[in-house]
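For reference, the chain that follows is the form predicted alone, supplied as C-alpha cells.
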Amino acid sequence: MNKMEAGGRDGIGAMFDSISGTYDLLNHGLSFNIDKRWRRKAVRMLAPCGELLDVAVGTGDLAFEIIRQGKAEHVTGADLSVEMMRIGREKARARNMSERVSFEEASALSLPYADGRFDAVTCAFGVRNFSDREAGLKEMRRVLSPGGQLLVLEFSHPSVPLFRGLYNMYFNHLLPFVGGLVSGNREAYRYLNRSVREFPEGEGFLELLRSTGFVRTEQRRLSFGIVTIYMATK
C-alpha cells in the first residue's frame, strides 16, 4: 500500500500520514515479511544507473534496497505523505544513506522535475493510488531520459483457483480488520482492498504502459501472482 495521487495534503497524503506510525509494522507483519523479498527481486531486475526517481517512496524501503544492491548512485523519493517521508528520513540516517536517498513532497501527476532528468523511475505499490493513472505514467515517462527504465511493483490476484480463494478471504476480511485495528484507521485498509480490486493488472496494465508511450513492456508474477513486477523502457 502506498500513496500518491492528485488529492494532495487533504486527500491520499493525509490518509497515509494518519497510519504512518504503524505502516512498516503492518506492511511486514501482514505480508509475513514476504514484501521484503518482493522488493529484492524487483530491484534485481534494474540495470545500474546514476539518478533514479522513486515515486510514492513512502518510508523508503524500495529506495534503500536500490542503494543496497548498488543499482543507483542517488535516489530521489517523491511522495505526498510528509509523515511517511519523515520516518523515511529517520531510517536513511540510521542506515547512513542520507546522502544517497532524498525525500521530496510532490504529486505523481505533476512531478517538479525537468524532462529526462532521471535514468530510471520506480514505483512500488503506488500506481493504483493515482487518481489519473495515464497522467501519472506520462509524467514518469517525461522525467525519464531516452532509453530509461521504468519498474512498477503492484499487487495482483493469484491465478490458481484454490490459492486465489484463500488469498481473497485473507485480503478481503482478515487484512482490513487487523490493519484497521492496529492502525486505528479502518477506512485506510478498506481503501487498500478497493484499490487493488480496481487496478488493471497484467495485460491491462501493460497496454496502459504502451498507450502512454513506453516500449519493451514485460511482466513477472511473484508468489503465485499476489504481486507483479512490470518493466518498460522510454
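Predicted, not measured: the structure shown is a model, and the values here were computed from it. Residue numbers here begin at 1 and follow the sequence given.
Omitted from view is the form predicted in complex with a small molecule, to which the following refers.
- Against the small molecule in the predicted complex, the set Asn27, Ala56 and Ser107 is in full contact: each member has a heavy atom within 4.5 Å.
- Using a 4.5 angstroms limit between non-hydrogen atoms, Val121 is distant from the small molecule in the predicted complex.
- Contact check for Phe214: no non-hydrogen atom falls within 4.5 Å of the small molecule in the predicted complex.
- Among residues of the shown chain, Phe130 is one whose heavy atoms approach the small molecule to within 4.5 Å in the predicted complex.
- In the predicted complex, the small molecule sits beyond 4.5 Å of every heavy atom of Phe103.
- Only one listed stretch (122 to 130, 67 to 75, 157 to 165, 93 to 101) carries heavy atoms within 4.5 Å of the small molecule in the predicted complex, and that stretch is 122 to 130.
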